[in-house]
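Here you get one chain, nothing else, as structure tokens; it is the form predicted on its own.
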């Protein structure tokens, strides 16, 4: 039986399958079900700054939001998401499970990132995923200023906690490899490719705009895992679009240390974890690999450049059009 252990952001996982942030990992009971189904780790359902406001002891002046909205949340509109509730779920889960529990937070107010990070660490989280997202729409706001925001958040959080940190990235970055290096140098131990969001659309009959659920792009994640693997000092996780064990194998070959899966488990149930692990084990046995480290990253851009330079196979990671145009 092949050894499926892997190391992600300094945490040892019994296998590379992480149940991604979702309702499946919202409660201690849900986390236990994930472990029983065979998951290597879980990312808690992301909690947002707005949900934390119900704690009630944060001055209104700290927030750039309508007072009516703040009053609504503090009066119990989002009470089920209060920080005490989230921390309690982590505490309860840690009594029942042995797999790593990675919390996930999103803030808009810079001073609150370290505060919330400290809370989840105290509750017992094994790691923290920073769900950083800001859509720049000001033409005068530079890409360097946008990147600096990531670095500043990580540095401030690192002052408050000792558990490992990962950053969930978006693909719409002017120079993603540069940002990845900055994140790693600032103390981020993990990089997650990618976050995905609601997408805008237009009803041409009603002449109104609305939002629809976005879709994960497996091959986009595969490209950047392959390009970044072993070129920055951080472990990589691929998120989105995995439909079978083949997708896991591909991401591992590209250089990922783990994969995050959600939609598949909604479609087929958590029992799909066992099927994925069986498929991964069978593939490893067929190819005579005794551990994941025996093949992880074998098809990354870096390793292919070293091994197959004359064949040009590594070009497939960055070739987006018929003509090869790229810069170092």
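Just so it is clear, the structure is predicted and the values come from calculations on it, not from any experiment. Numbering follows the first chain given and starts at 1.
The same protein has a further form, the form predicted in complex with a small molecule, not shown here; the description that follows concerns it.
Residue 216 is the only one of 232, 253, 167, 216 with a heavy atom lying within 4.5 Å of the small molecule in the predicted complex. The listed set 116, 245, 194, 150 contains one residue whose heavy atoms approach the small molecule in the predicted complex to within 4.5 Å, identified as 194. Although the partner is absent here, residue 26 is not a contact residue: none of its heavy atoms lies within 4.5 angstroms of the small molecule in the predicted complex.
In the predicted complex, the small molecule lies farther than 4.5 Å from every heavy atom of residue 296. When contacts are judged by a 4.5 Å heavy atom cut-off, residue 300 does not count as touching the small molecule in the predicted complex.
In the predicted complex, the small molecule stays beyond 4.5 Å of every heavy atom belonging to residue 127. The candidate stretches are 271-279, 258-266, 285-293, 32-40, and the one lying within 4.5 Å of the small molecule in the predicted complex by heavy atoms is 258-266.
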